[in-house]
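What follows is one chain in structure tokens, specifically the form predicted alone.
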């Protein structure tokens, strides 16, 4: 980064740390924080979409659709998160490659499952062996993102289902009495009203999602936990910047990062809750049948 970093072993303490903290691996470490923010920015709406679909399916009059929605919510919520995080990306990866294998290599009749190995033709692999390294990293990240969406979508679905049940039935029946269709009642009455009841549960789910981002390390994504362990470990004289075991300092930095991040999130969610409750209170105070202008008292 700096010109004087050419000979780190001859630097004084302050310059040594300035070179150490701006080295190539540390820049990758800093970039991994962006990976976490991108994951949260994509996983939250994706999980909310999964949750909305599953909650809506759980209220369906069709017994098959209702069973699918409730089974998805119950099954995912009942399995330990780590087991699902380790299973979903592998299962999805093999499912995608199996479909591509059957499509692109129909002449190969050998089974893809050969003992403990999963063997597909070369053109069916995801990504291709000839793909650049960043494509492998993006593919792994997308699999991890889908795993987060599926897992947290079940929890969001349970929250949204409870919120839908909390909406007074009298409002829905009144809307139907005015001639609204089921879709109109859902879109104009149920959907806007349920967010008031769902927001507390969804705010808790957001906090849990933040705390679950270190699980990216288990999914093979080089996130902040991976780099904290990698950079903090003891480095001998063969390394450009030798140092003792500093993992405690790196993980302490991650602790501060997550405390600050969750603190800011809690403050923002508190402001949102206050605004929603205020808007709800103001709506409830409005007179139902206001007198027309100029009417006699």
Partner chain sequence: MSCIETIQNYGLRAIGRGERILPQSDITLCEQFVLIGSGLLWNIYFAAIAVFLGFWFAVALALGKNSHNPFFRKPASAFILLFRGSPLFIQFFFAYEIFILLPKVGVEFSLAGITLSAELRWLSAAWLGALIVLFLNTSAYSGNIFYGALQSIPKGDLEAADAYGMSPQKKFRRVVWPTMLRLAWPSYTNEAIFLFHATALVFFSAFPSRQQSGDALYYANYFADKTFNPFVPYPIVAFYFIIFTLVIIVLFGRINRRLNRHLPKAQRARLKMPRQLMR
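If you're wondering where the values come from, they're calculated on a predicted model, not measured in any experiment. Residue numbers count along the first chain shown, from 1.
Only in words, not in the display: the form predicted in complex with the partner chain, which the text now covers.
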For this session: Answer for residue 215 alone: is it within 4.5 Å of the partner chain in the predicted complex, judged on heavy atom distances?
Result: yes
For this session: Check whether residue 150 has any heavy atom within 4.5 Å of a heavy atom of the partner chain in the predicted complex, and answer yes or no.
Result: no
Exercise. Quick one: does residue 123 come within 4.5 Å of the partner chain in the predicted complex, counting heavy atoms only?
Worked result: no
For this session: Indicate whether the partner chain has at least one heavy atom within 4.5 Å of a heavy atom of residue 104 in the predicted complex.
Result: no
Problem set entry | Location of the partner chain contact in the predicted complex, chosen stretch of 188-196, 89-97, 134-142, 168-176 [non-hydrogen atom, 4.5 Å] | 89-97
Exercise. Looking at the partner chain in the predicted complex, is some heavy atom of each of 78, 247 and 262 within 4.5 Å of it?
Worked result: yes
Exercise. Can you name the residues of 173-190 that have a heavy atom within 4.5 Å of the partner chain in the predicted complex?
Worked result: none
